[in-house]
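So this first bit is one chain, no partners, the form predicted alone, shown in structure tokens.
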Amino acid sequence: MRNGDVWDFEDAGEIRGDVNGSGVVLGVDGGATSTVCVCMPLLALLSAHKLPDPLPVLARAVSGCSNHNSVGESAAWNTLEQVMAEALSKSGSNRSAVRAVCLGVSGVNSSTDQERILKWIRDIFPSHVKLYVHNDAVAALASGTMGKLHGCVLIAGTGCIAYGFAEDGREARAAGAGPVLGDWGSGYGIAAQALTAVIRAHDGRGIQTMLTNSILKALGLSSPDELIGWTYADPSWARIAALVPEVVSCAEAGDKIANEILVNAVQELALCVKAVVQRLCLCGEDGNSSFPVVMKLSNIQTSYPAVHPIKPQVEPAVGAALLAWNYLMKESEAECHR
């Protein structure tokens, strides 16, 4: 229990129930804009290996940003702690009922990042609880493959990343390193380029663009000079990325600069997926093997005709919960064969 003010559940000790239905699993999807946690009953491994339809979700909770690179470690930790506590509370469960927690969190880019988050949550759950930490792209992939890790996923929101898994377990990623390190296909990247275009047009380095009036009106500012103070007063990624609709509107109205920004973003996103596909050889030696891509991109299908585009039927937080369930099933099967 941390401070006793967030985790206020009865601690009934360690309940080591089996994997045939007792207890719950938590799935967390943590991004630069919002964080979602779902609580699901531990699903039985059916003889037909099929999941229930619809999937039973006991509770869902939503909070703010949990990317420590964006808001700092303390704020990120508080968000994760709060959202898991709320989901458990809404479900009528307690910490001892949890069998596994799978967190997909943006900003998890290395084993060091994983260990940091694992250390955060180890103190609040009983020792029997299995803990898994991934980048949020892994949870997004699982939301399209129902908990199985194979294929490629593209996340294009406040940030952007492509992440993939080969059938032999190898994994690869492209982008996802944040706006400073070139995530130009992200919402932040698009909006930052739009703000730059406005300043360039204002000082004579660039051509005039409809983005100037559109962005100034959206922000309630009277001059491009005021953009400098607005931008650096709070340079959080989500705040900047919120200007993307203005870029889209200007592009639809025929603005050349806005259209170029969006075209470049799409090309960057396509490059991300292509890089992952090639590194993992997902298309096979002949380039014709089928593989799932969670998100449809026409550029990708042109390059890889056998790609199987998937529109997720569940949200990434549910994908994370299904990952936790699959991990438990595999561990249980392994123990049975010992």
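Here the structure is a predicted model, which means the values were calculated and not measured. Residues carry their position along the shown sequence, with the first being 1.
Keep in mind the form predicted in complex with a further copy of the same chain is missing from the figure; the text below concerns it.
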Can you pick out, from Ile207, Ile228, Val263, Ala253, the residue that has a heavy atom within 4.5 Å of a further copy of the same chain in the predicted bound form?
Ile228
Only one of Trp120, Phe125, Tyr132, Trp184 comes within 4.5 Å of a further copy of the same chain in the predicted bound form by heavy atoms, so just point that one out.
Trp184
Can you pick the stretch from 244-252, 230-238, 149-157, 94-102 whose heavy atoms fall within 4.5 Å of a further copy of the same chain in the predicted bound form?
230-238
Every residue in Gln82, Gln114 and Ile190 with a non-hydrogen atom within 4.5 Å of a further copy of the same chain in the predicted bound form?
no
So in the predicted bound form, does Arg279 come within 4.5 Å of a further copy of the same chain, heavy atom to heavy atom?
yes
Would Ser34 sit within 4.5 Å of a further copy of the same chain in the predicted bound form, counting heavy atoms only?
no
Wondering, does Ser110 line up within 4.5 Å of a further copy of the same chain in the predicted bound form on heavy atoms?
yes
Can you work out whether Leu271 and a further copy of the same chain are in contact in the predicted bound form, taking contact to mean some heavy atom pair no more than 4.5 Å apart?
yes
Only counting heavy atoms and a 4.5 Å limit, does any residue of 172-191 reach a further copy of the same chain in the predicted bound form, and if so which ones?
Arg173, Ala174, Ala175, Gly176, Ala177, Val180, Leu181, Gly182, Trp184, Tyr188
